[in-house]
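Only one chain is included here, represented as structure tokens and corresponding to the form predicted on its own.
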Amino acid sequence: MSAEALSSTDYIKHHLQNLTFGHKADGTWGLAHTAAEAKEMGFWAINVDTMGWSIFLGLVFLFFFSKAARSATTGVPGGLQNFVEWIVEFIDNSVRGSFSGRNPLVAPLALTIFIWIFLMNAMDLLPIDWLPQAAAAITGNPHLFFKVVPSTDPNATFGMSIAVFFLVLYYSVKMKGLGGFVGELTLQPFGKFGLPANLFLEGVNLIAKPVSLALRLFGNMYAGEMIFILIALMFSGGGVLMLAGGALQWAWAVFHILVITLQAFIFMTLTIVYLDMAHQEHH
């Protein structure tokens, strides 16, 4: 989908719309052809592009890391093994610095979160029209919706943050007991006489964890994607704007490498911290 084929407004809206599958108003199941139709599909609709790319990138992560594990040697390591060992050491140091408990799940979870989110974010560095145009050519539908950055979809970011939230709840109850967990929510910070205020403050603090995780990642990646879309519009404005757009695209891509890495690191670090808090008992 080129910027020339649509007005600027339509071009932006097209690139911000997911390929959605769900139950249509006429009673059939299928892909939405408009944003309004996607909205009518409701909660149980599936963003096919988000699901497809996130699963594909997860498989890419598993393939290369399992390949490095199978070919690991005690001699001089190859490039892939050296890179994987460096990443694993980095994650291990991050976990040791932020997690004071003992749980064999935390380090593998942190590694998975960091690499998976980084790969999803890195899709933002591809030219914004390449994969959507390829998908349109393959399907024969020039107006096909096709987003390739899963972390710009709040469904993906909330899905990951809610999974972390359930782990926090599970380990809070497992380590402290149900009574201890409920006691934290109702007896702190003002003691038993401030139960309503305690429950409100601690409840808000608890719910804020998955919300902040999801919205921080989504907001930063959505803003970065929007800037790439606006820069892409410059390529349809003549020679001077095309040259300026090329320079801006290169500069923003270089800066965005820091953004995508930082957002993956922040999500991972906060997950480790939240799980550490779940393992600590307050007396």
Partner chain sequence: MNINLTLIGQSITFFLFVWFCMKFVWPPVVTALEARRKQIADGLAAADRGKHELELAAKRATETLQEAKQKAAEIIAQAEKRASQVVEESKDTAKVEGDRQIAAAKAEIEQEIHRAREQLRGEVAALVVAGAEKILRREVDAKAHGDLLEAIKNEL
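Residue numbers count along the first chain shown, from 1. Just so it is clear, the model here is predicted, and its values are computed rather than measured.
There is also a form predicted together with its partner chain; it is not shown, and the following applies to it.
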Segment that reaches its partner chain in the predicted bound form - one of 87-95, 198-206, 124-132, 173-181, heavy atoms within 4.5 Å: 87-95
Close approach of P142 to its partner chain in the predicted bound form, 4.5 Å, heavy atom: no
Distance check, A137 to its partner chain in the predicted bound form, heavy atom within 4.5 Å: no
is_contact(S212, its partner chain) in the predicted bound form, heavy atom dist at most 4.5 Å: no
is_contact(F65, its partner chain) in the predicted bound form, heavy atom dist at most 4.5 Å: yes
Residues in 110-136 close to its partner chain in the predicted bound form, defined by a heavy atom within 4.5 Å, in order: L111, T112, I113, W116
